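Next up: just one chain, as structure tokens, the form predicted alone.
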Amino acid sequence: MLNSPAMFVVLALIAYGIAYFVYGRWYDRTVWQPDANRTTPAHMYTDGVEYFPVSRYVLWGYQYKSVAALGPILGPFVALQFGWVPALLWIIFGNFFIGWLQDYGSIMLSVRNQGRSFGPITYEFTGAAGRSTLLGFILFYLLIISATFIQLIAVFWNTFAGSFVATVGIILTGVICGQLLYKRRMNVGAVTLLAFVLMILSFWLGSTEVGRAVRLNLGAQGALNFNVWVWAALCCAILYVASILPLPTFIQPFNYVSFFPAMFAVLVILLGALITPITGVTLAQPGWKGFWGPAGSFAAGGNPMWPVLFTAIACGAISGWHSLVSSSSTAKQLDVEPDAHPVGAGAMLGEGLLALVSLASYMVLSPERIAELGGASVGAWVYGATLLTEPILGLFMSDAAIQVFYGTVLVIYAITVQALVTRFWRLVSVEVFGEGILAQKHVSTFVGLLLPWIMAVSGSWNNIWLFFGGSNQLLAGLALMLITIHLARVKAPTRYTLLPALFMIVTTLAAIAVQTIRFLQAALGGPAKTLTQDPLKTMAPTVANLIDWASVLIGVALFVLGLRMAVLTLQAYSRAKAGMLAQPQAAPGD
């Protein structure tokens, strides 16, 4: 049993159970003390667009699918450079002591401040300088996610034939269910049952010869892959519609129905990992590869486990993206305050399970097998998941259908979150540009998709993606500081969020510094050592080298912005402890 993933998965499940039922409930009673009689923003400002109360069960599915993306799937693969033991420990303890505290705290912070997002809350705590710094940081952060996710969604559709047809079927399922739920006022159970039927049909259609025939054959010319260009453009068209429509029309029901296949994939892989002593699937990866990984030193190209491990696995342990979703969207749909714990903490621990099963999928593939698959995390995840679950799903699905299912699940994890990212870009643009043309709904959405599309198809996305882990986790540290400031001003205990906040800020600033040094080395080495990907790497190496230099400047800017924001929030925390910050305003109706 020690030579299989089963025991380690069981240990993680026990730890998550203690985090939710013991530590979580004690923290809930000790710090936030939710009140079911306090009016939430969903009832204060009901408009059917952003503010509307939602059942805790529907909101749990929405929250999970809004925070769970590709981070917990791809992050553990990157962390394998140190061995699977450090990755497993961070997935368990990061979520236990930091991750769910941030998600839950972000919801409560917004709810206790009349549904306001981080922009106005930061202004209240740190002034105009802090607000401008944070919003600028968030805009760049959203651009990083968009460029990467649009590129990956295009690659998934191009790699796994049939996944595009299945994705479109699930999108239509979400739109239909949204109309039935919010226009026809049908029972949520009946609508969910209908969603199951329509989604099964979507996966079936995608796995048929007809569904698999829907693919592009535009071919490639050298380093240019026109298929990916077109798939990326189709993805942008879907995201544009999702961004401009009201939440109950597209994103909210789409994310809700997407939860089911996404969670089914987690549960079936989890079951496959638990029965590995029976199926005979064994561990094939080393548990420990050293502090510097296989390279052995920084000079030889190795990365230090601290801070890199803690930024490589972001979502699944802790993620700044979650704080944006929780404060800008979920908090506006919360029916009663006690729902925040199952929705915020429960969904975060659920995403920890996704990271756990993803790590298990990689643990059963040998380094040689991963090399045969091209060394790519995407292929490794699908084949590792198939290896674990073939004894279960193989009873009623072909291998080709299983791969269509997992390929579509990858798309679902990416596109549901990217729809929210595009929408948040539009909302943040309003706060940054005010009445300017760039704040106009259609213009800001178009710009927010055009820039990532250019980065995705040119290969420059890889440069900014390398900063994603650091900036995402830095945002998490800053969110924890905002939560801590609020708790300090209402005289609640702060040590449970302050210490994680300081750890994340120091770690992520160090990670950004390490990555900036790597870009500087590449830039000084000339076009031959560029970190930019094709087509620019092959067709325009000089331009690629210039992008490396630009990445150095971006890294410096991110470091300075993060450091400045950290200082401003620490100063605000000191003022809050001294009683110099105003108390939150009472909500209408309380």
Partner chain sequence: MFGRKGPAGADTGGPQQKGGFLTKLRGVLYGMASHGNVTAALRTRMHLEHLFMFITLGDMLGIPVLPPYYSLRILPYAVPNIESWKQRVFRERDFTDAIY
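Take the two forms, find the largest set of C-alpha atoms that superpose within 1.5 Å, and that set is the rigid core. Positions refer to the first chain, counted from 1. Not measured: the values here are computed from a predicted model.
A second form of this protein, the form predicted in complex with the partner chain, is not displayed here; the remarks below concern that form.
Of the candidate stretches 458 to 466, 320 to 328, 486 to 494, 306 to 314, only 320 to 328 has residues whose heavy atoms lie within 4.5 Å of the partner chain in the predicted complex. Put simply, Ile554 is far from the partner chain in the predicted complex: not one heavy atom of it is within 4.5 Å. Looking at Leu427, you'd find a heavy atom of it within 4.5 angstroms of the partner chain in the predicted complex. When the partner chain is considered in the predicted complex, Pro53 lines it closely, a heavy atom lying within 4.5 Å. Using a 4.5 angstroms limit between non-hydrogen atoms, Tyr27 is distant from the partner chain in the predicted complex. At a distance of at most 4.5 angstroms from the partner chain in the predicted complex, none of the three residues Asn217, Trp231 and Asp534 contributes a non-hydrogen atom. Proximity to the partner chain in the predicted complex, defined as a heavy atom within 4.5 Å, holds among Leu524, Val49, Ala36, Leu563 only for Val49. The partner is absent here; in the predicted complex, the one residue of Tyr256, Trp100, Trp157, Tyr413 having a heavy atom within 4.5 Å of the partner chain is Tyr256. Contacts of stretch 327 to 364 with the partner chain in the predicted complex, defined by any heavy atom lying within 4.5 Å, are made by Ser328, Ser329, Lys332, Gln333, Asp335, Asp339, listed in sequence order. In a rigid-core overlay of the protein, Leu70 has its C-alpha displaced by under 2 Å between this form and the one not shown. In this overlay on the rigid core, Leu365 has a C-alpha that sits less than 2 Å away from its partner position between this form and the one not shown. Annotation: Cα of Gly296 displaced by less than 2 Å between this form and the one not shown, core superposition.
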